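The chain below stands alone and is given in structure tokens; this is the form predicted alone.
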Amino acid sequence: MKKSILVKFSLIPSLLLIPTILWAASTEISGMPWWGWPTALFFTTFFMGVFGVMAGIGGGVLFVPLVSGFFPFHIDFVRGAGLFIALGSSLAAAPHLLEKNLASLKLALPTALIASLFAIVGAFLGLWLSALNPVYIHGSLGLTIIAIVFIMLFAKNTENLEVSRGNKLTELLQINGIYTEETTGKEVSWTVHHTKRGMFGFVVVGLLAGFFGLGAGWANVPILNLLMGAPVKVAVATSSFALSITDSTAAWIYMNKGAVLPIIVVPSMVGIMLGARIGSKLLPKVKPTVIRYIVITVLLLAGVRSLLKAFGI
């Protein structure tokens, strides 16, 4: 009974998000006063914040394809805002996740520092390609988002993988921890393995995060959970926290290039941070499976929209 109530509660925000997106898409043609777009951004990003934290993907991966596809903003401004969106979502959720011992500093710092270094490289590449022709960005963004959909769809999250012992690098960095599973009341001890492979995976994550302004949560969770063996809730929470390190570096590159507009960033940041605070409080009590499938559906819609926009449809 309680499970069905939680599922219904999780579906309510997604149903409210659909009219907002359709309204924004319809007004792209008819036009609206200047305050209309910030208002639409606020409500849209509020629900992105709830979904992003609970699914562990951050708000940027939802923000960039949806706003670039359904709002009349240049792709560079959307990508620049997307990094600040993911950053704001992460900072809003981090205190509660750290308090619950779900987010791990020992796991987040080495992975996020590697990703942030290569996010700078990705940011410069993305701005260079956009200067040649923004169509290239829309097309590659659409293909990337659809690829992300398939990764999320077929990746099987394991709630508590059995990792009996980490490797030498894991022991050197002391990457382990204990958290309380609130659904059962039991303490769960965890560690990780395949640390070198995981670190290399974050090189690719950083490049894509800077290039598209997507944040990195969509790839963080599969790497931390499936490859390195962290429990899924630890992976989700650590991913949300690590975004504050990864995205801050690339965000400054976009700001320095003049690709950050306050009228886009401010209402979106407020909406995403309010939603993220709610999402962080719901995360320990709700399994992210339902949220993950909602996110997959929305991302598929946004990916197709980006491809159509690239072809001028």
Partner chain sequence: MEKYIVFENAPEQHIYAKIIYHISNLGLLTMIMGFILYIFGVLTPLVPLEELPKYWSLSLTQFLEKTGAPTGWRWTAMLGYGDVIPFIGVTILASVTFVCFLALLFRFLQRGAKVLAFIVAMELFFILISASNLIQISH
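Numbering follows the first chain given and starts at 1. Keep in mind that what you see is a predicted model, and the values were worked out from it rather than measured.
Missing here is the form predicted in complex with its partner chain; even so, the following discussion is about that form.
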key: Stretch in contact, per heavy atom within 4.5 angstroms of its partner chain in the predicted complex, of 202-210, 122-130, 225-233, 138-146   = 122-130
inquiry  = Although the partner isn't part of this model, could you tell me whether residue 37 comes within 4.5 Å of its partner chain in the predicted complex, counting any heavy atom of the residue?
reply    = yes
request  = Verify the contact flag for residue 282: yes if a non-hydrogen atom of it lies within 4.5 Å of a non-hydrogen atom of its partner chain in the predicted complex, no if not.
outcome  = no
ask   = If you check in the predicted complex, is residue 219 within 4.5 Å of its partner chain, heavy atoms only?
value = no
message = Within 4.5 Å, heavy atoms only: does residue 177 come near its partner chain in the predicted complex?
response = yes
ask   = So in the predicted complex, are 77, 116 and 257 all sitting within 4.5 Å of its partner chain, heavy atoms only?
value = yes
message = Could you pull out the residues of 91-112 that have any heavy atom within 4.5 Å of its partner chain in the predicted complex?
response = 91, 94, 95, 98, 99, 101, 103, 104, 105, 106, 109, 110, 112
